[in-house]
Each structure stands twice: as structure tokens, then as C-alpha cells.
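So this first bit is one chain, no partners, the form predicted alone, shown in C-alpha cells.
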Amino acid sequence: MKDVLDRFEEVAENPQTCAFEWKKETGRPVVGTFCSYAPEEIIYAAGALPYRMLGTGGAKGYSDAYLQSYCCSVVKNTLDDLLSGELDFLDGAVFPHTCDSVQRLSDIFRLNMKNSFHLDAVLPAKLDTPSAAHYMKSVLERLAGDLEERLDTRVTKQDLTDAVLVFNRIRNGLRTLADAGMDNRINITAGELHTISRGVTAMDPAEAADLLDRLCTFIQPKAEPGSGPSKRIGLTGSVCGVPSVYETIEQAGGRVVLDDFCTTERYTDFAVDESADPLPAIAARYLKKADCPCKHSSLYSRGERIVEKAEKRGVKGVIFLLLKFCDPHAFDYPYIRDMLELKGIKSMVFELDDEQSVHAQFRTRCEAFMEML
């Protein structure tokens, strides 16, 4: 099992290097994406590697001339990577329509990408209307056609079917490992699961699916005797760029059993129907998956989902890890906090920045929160 975990850690720590090496070895293109709503199946069916741009961390300062100071660190760091030349290996980029900062980042990418194409996928923001399914399908059809033109290829129905099978294996594998870790049926920590999910975003999907299948063979049919921290904790937010928060929570006496980020549980939510026509099935999955604050299916859909999962998993406290200046998630925090409190689930909010060390302030806040629980 260690060799598989080491491989995921290698990719998570050096995502750009791994994607570039894959490109050299295969001779195939790499297409950057910036959101869990980017249709990876279609990109992969077009023969390209979908590479999730999350910012390598450590502000380089290039983005300061292009972006306002109140942009989140993921947006700023990703633009720094582009302007410093670290993303020159990309053959293109696909930006779904999300928050204001990402939309402005998309415009800047379009003007500054070198010898590569740029595509916007303006997916519906309101997901529960009668026209949403038709609109989603038409946007994805157009994107598939644009990718065919830019990459000089054909996206066939069989290509889409094969891609669906691979990504269903990935999401099912991540979901299975998370459930087994929560039930003490495999010796994998929440921090290691976070590393695995980050590695998946930058490696060949076929390799990721195979590695996840190997890890799942280590799952035991019965739970091991309870040990370690007993206070069950939920995490929620956009993305977590500081993996050490998991270790800090465990050292404070907590155990993460709900990991609601767009690279973890919101990413694995729902599989594509493998028995249906692939492109409409892909569109249906992006309508049904757990929504983020930039999408709308009902007034309280996000809160209801988080509360339901928290109750099901016996969560005693939820920690909101909010990226600094991430307004959409900050707007959702008050009502979700209130919904949790009505169910007797306590919460705390902590604002993260990529340069901010969690080894001091977060540890102190976390220890106090565990004592309160």
C-alpha cells in the first residue's frame, strides 16, 4: 500500500512536473481546468489530460499587476504560475462559469496563454429549472465540438463512454476509500485521502483509477477496534491548500469524517449513468452533483446536504475552512452555521491563506474547539 500512497504524494507535491512528464511520454496534449464543474470526461475523450489548476503556492507577485488585492490565493497563485511560465506546457484551458474572480482570471488567461487555446464553458447557474438540462447538454456539446477543432481530433460516442467508465472508477474509488477510512476498515488518514484526491487531479486518469482499485483491495470487511481521536469532525469550504490542517485536527483530538471540498466529497458526488447516452448522462451528473455556492438548486440545498451528512456520520463539530476573500463561501456560511446549530452541531470558521501557517493560530483555535465539544 505504501508504494501507491507514495505515488499519489509524488504527484500531489509536483503536479506540474508530473503532467509535463506525462505529455512528453505520451505525446498527447494537456488541458488545464479550474473547477470541479469542468467536464473532465469530455476533455479526456478528446485525447487530452485534464489538469486541475490549483496554484502551486507561494505568491510570486506577477498577478499583482492584473488582479485586485481581494482575490483568493488560488486565483492569484494560478495566475502567478501562468505569468511565470510554469504553465507553458498546457495546450489549452477550459474555464467553467463560476465566481467573479475566476471569470476575470479566465479573461486574463485568454490574453496571456502562449501557443495554446482558451475555452469558456458557461454552464447554467440555476440547476433546477426545466430548461437547465437542455442548456447544460447544449453547452457540453459545443465544448466537445470546440475541443475537436482545437485538438484536431474526433470525440466519438465510444470515446465518451470509455472516459465515463474511467472517471466513474476514480470517483467510486475515492468515495469507497473515504467510507472505509471513516469506519476504521482501512489504515488511511483523512490527510492521506486529501493527498490522494490532489494527486488524482494531475495524473493520467487511467493510472489513477488503477491505483485506487489497488488501494481498495486493502479494505477490511469489518471495522478495526476503535482507537485514536473520538471527536468526529466535518470540514467544508472550497479547496484546502494547507494539508497540515488534518494533522493539526488529529493532534487536537479530532477525527475528520466529513470532507466537503470540491476536490474531495463534492467531486465524488454522483456517478455518470453508464447505461445511458454518454453526453446527456454527463450533463445530468453535473446537474445533480453537490452544488457549490456559485450554483443554485434551492435556497438551502448546500446546508441541507451538509447537515444530512453530518448527522449520518455522527459529526460533533464542523470547521468552515474559508479561503481569504472567497465571498461565495463566506455568504453561505451564516445560514449553514445556523442550520447546524439547530441540530445541536457546533461549528467554527477559520480563514485560510496559502501563506498562513496553521501551526500556531489554527492549532490554538482547534484545541479550544475540541474542548468546547
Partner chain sequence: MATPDEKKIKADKRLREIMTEYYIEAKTPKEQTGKKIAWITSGGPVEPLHAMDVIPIYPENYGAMCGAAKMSTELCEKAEEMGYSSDLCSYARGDIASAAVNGGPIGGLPEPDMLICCNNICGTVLKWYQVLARYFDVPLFVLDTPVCHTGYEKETDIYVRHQIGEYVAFLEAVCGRSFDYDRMDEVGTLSVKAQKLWQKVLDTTVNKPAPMTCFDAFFHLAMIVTLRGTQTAVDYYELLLEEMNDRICKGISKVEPERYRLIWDNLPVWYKMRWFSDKFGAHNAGFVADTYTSGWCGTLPYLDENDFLGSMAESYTRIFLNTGIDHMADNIVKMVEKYDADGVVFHSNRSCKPYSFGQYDIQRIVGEKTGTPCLMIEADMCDERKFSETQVETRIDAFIEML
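Positions refer to the first chain, counted from 1. This is a predicted model, so every value here is computed, not measured.
As for the form predicted in complex with its partner chain, it is not shown, yet the points below apply to it.
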Would you classify residue 277 as touching its partner chain in the model of the complex, given a 4.5 Å non-hydrogen atom cut-off? no
Should residue 126 be classed as touching its partner chain in the model of the complex when contacts are defined as heavy atoms within 4.5 Å? yes
Can you tell me if residue 65 lies within 4.5 angstroms of its partner chain in the model of the complex, counting non-hydrogen atoms only? yes
Can you work out whether residue 334 and its partner chain are in contact in the model of the complex, taking contact to mean some heavy atom pair no more than 4.5 Å apart? yes
Counting only non-hydrogen atoms, which stretch in 131-139, 152-160, 175-183, 239-247 is within 4.5 Å of its partner chain in the model of the complex? 131-139
Output flag, 69, 325 and 351 jointly within 4.5 Å of its partner chain in the model of the complex, heavy atom basis: yes
Tell me, out of 107, 88, 148, 210, which residue has a non-hydrogen atom within 4.5 angstroms of its partner chain in the model of the complex. 107
Please pick, from 231, 288, 296, 214, the one residue with any non-hydrogen atom lying within 4.5 angstroms of its partner chain in the model of the complex. 296
Would you mind checking 90-122 for residues with a heavy atom within 4.5 Å of its partner chain in the model of the complex? 97, 100, 101, 103, 104, 106, 107, 108, 110, 111, 112, 120, 122
